[in-house]
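One chain follows as structure tokens, the form predicted on its own.
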Amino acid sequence: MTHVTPIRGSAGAVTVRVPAKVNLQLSVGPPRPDGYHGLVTVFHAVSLFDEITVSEADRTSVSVSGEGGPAVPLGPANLAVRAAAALARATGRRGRGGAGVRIEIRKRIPVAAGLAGGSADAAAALVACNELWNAGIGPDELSEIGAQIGSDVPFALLGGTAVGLGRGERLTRALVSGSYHWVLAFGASGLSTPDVYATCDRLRAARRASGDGDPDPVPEPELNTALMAALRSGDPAAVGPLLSNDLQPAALSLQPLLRRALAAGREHGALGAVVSGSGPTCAFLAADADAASELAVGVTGAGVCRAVVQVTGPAPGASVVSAGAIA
């Protein structure tokens, strides 16, 4: 978790900025007894941020503005609300009263886009409430609390680039040289993560039944060591061809237009093209800032996505950007 020197704002309010993520590798194992899949993934935080402000209130409420705001739940299902409640329980604040907060979410990360926007908001709420309440919870404990809310929450707290194991919540920082330039192409509509995983399982079973795939059970995932070496080198031309996502065939099955989006990115100079997470966002790696600008124009002109943004990575994790007078 990155913490910057607070800029004094309105009394009793804390604002936190939190990044989206892309998956440079997402290898998916067979379903586990708990219903999850074992993962090996390489998370990479990028400079597309949501901002969350929490302030003292008699009871907890949430408001959402910006990208995809109407699709975000405003009640107990909201991950930022769940995060605030989890921190209140962990610190005993709920039992003493005074656990209410007003949560204002300003979104730039699209909803249901494979960019972990909901998890990012939960991470931001944890950091903001920790600061607002002067709870003194350290990064490791915040990460443990976050993992109970969502598998991607610990990485949104950490930021940078990291290898994720288990459900993705067990993190190890990765050695990365330099900065990478990305173009993100947003799909016309979102994809449900459970639907994408279920489709992945169905496609794998169908391939085994047809004899076109490996008849053996799905193997446990492994880290791509060539990708890690490429990231250490800082050479985007080495990284691009190694981007991978086991969920990509399922996302393409559910949204066939994504095939055209990936093809358009490659046609316009992307060094690598991959669906991020469960999709439908397509992430294109460019050689440099100028190449990213040209790539963004080309993908926009192809008419294969709803919107395009240029970002860089790695970006810092959830960070306090302003804090008012806190008792």
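Nothing here was measured: the structure is a model prediction, and the numbers come from that model. Throughout, we count residues from 1 along the sequence that is shown.
The form predicted in complex with cytidine-5'-monophosphate (C5P) exists for this protein as well; it is not shown, and the discussion that follows is about that form.
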item	value
T199 within 4.5 Å of cytidine-5'-monophosphate (C5P) in the model of the complex, heavy atoms	no
Contact test in the model of the complex: R167 vs cytidine-5'-monophosphate (C5P), heavy atoms, 4.5 Å	yes
Proximity of S151 to cytidine-5'-monophosphate (C5P) in the model of the complex, heavy atoms at 4.5 Å	yes
Close approach of P194 to cytidine-5'-monophosphate (C5P) in the model of the complex, 4.5 Å, heavy atom	yes
Residue stretch of 293-301, 255-263, 33-41, 268-276 approaching cytidine-5'-monophosphate (C5P) in the model of the complex, non-hydrogen atom distance within 4.5 Å	33-41
